[in-house]
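Take a look at this single chain, the form predicted on its own, given in structure tokens.
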Amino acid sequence: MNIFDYYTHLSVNDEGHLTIGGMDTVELAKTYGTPAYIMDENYIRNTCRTYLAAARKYFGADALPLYASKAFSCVGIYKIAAEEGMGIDCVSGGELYTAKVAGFPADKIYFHGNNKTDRDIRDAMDMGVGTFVVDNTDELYALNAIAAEKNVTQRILLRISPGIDPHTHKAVVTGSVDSKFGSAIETGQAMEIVKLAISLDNVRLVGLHCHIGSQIFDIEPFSDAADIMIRFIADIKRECGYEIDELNLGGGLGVPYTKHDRTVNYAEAIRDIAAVVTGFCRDSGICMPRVILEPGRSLVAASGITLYTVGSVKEIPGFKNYISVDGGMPDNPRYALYQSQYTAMIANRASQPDDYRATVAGRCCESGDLIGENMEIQKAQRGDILAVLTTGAYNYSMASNYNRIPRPPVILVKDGEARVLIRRETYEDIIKNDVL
């Protein structure tokens, strides 16, 4: 696969420079400095529309995709999601507060998390959050008690572990029996928490949630999870006489990071999953529930690239070559955490062959500060602009100030115009919470 065939918002112009959304990345680097995250707004909006149209076409008019905002959270992205008719999935008080500042409709927020604090619960209720996704019995009791204090009945889903291994990286598998998330069907704990939720006065159980992992390229794991969940819904109806109206199938469809990765047609994947769900409901004798989806990475990852300036090129004969850049693990920790693979190129020589092999290293005082090893790239020299592709998800959101390095800005491009979505941190920002 040629990465440009799949990501058509990326190209190479007549000067041989990498472009994103038609804008020259070398010029963007000059204007905004490096490191810098660049994101294509049209790509994000178009992918939101793909999910929304496919969900409503194949699951019904009440189907709702939620943007899983842990992938990339800021005021601007919540405004885009709201404008495109999406719901959102938040996992912390900070994400909820950001959504509130953005003016996101609270009734379309689903509040996740395996360890919500009492403050989180109170703040979310005060904000009018539409749905809590309850992870465990301790949370369920706390939520019911706080709802009673506030004299409200809170709408909830229960997070269920279907026991699926989607064969993805173990750090992003979330639906197995021994996961820290949810209650497992296999152990009987899922039915126990369902019965508890039904018995409580200040929560209203409307549905179930499952999420099996990330970077999944086949629909079979989703089909297997849907089969298990629908059978469980039928068990609830038979054993408890209770109708489950909503099924949240989570997210996890993959994105290609390199030319060796597979691709996913998201609309076709939704169509295929919907056909399976419809069949399972018919065979199990239950009504088709309202279906919720939670795309995160697949909405924003490919929209983003990160631009760096090359500082040095170090060649060790018989061993390896290093290209060092002015960023690294503080702005992209995913290689250090997961050995995640990326495509990199010299943006000002993007038309030249990528016939040089090098390890791209960051500037931190840490031997593990790498963006990739043995990457196929153009030969570089000091002052070149190096671009790493597909960095719109889990890069800014996982960024840190390790070595007291300020986080880069996020620049949004659309129709030949660029604007700052998140400003670059300063050294003053780094010490603003220090007590002098």
Ligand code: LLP
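Here the structure is a predicted model, which is why all the values come from computation and not from measurement. In case it trips you up, residue 1 is the first one in the sequence shown, and so on.
What comes next is about the form predicted together with the named molecule, which does not appear here.
**Message:** So if I measure heavy atom distances to the named molecule in the model of the complex, which of the stretches 33-41, 404-412, 372-380, 390-398 falls within 4.5 Å?
**Reply:** Stretch 390-398 is the one.
**Request:** Note which of Leu28, Ala68, Ala55, Ile385 lies within 4.5 Å of the named molecule in the model of the complex, where distance is taken over heavy atoms; exactly one does.
**Result:** Exactly one listed residue reaches within 4.5 Å, namely Ala68.
**Request:** Note which of Pro162, Pro295, Gly304, Gly327 lies within 4.5 Å of the named molecule in the model of the complex, where distance is taken over heavy atoms; exactly one does.
**Result:** Spelling it out, the residue with a heavy atom inside the cut-off is Pro295.
**Asked** Can any non-hydrogen atom of Asp89 be found within 4.5 angstroms of the named molecule in the model of the complex?
**Response** Yes, Asp89 is a contact residue.
**Asked** Contact between Tyr97 and the named molecule in the model of the complex at 4.5 Å, heavy atoms?
**Response** Contact check for Tyr97: no, nothing within 4.5 Å of the named molecule in the model of the complex.
**Prompt:** Should Arg334 be classed as touching the named molecule in the model of the complex when contacts are defined as heavy atoms within 4.5 Å?
**Reply:** Arg334: yes, in contact with the named molecule in the model of the complex.
**Message:** His211 versus the named molecule, in the model of the complex: is there a non-hydrogen atom within 4.5 Å?
**Reply:** It does: once the named molecule is placed as it appears in the model of the complex, His211 has a heavy atom within 4.5 Å of it.
**Request:** Sequence order please: the residues of 215-241 with a heavy atom within 4.5 Å of the named molecule in the model of the complex.
**Result:** Residue within 4.5 Å: Gln215, and no other.
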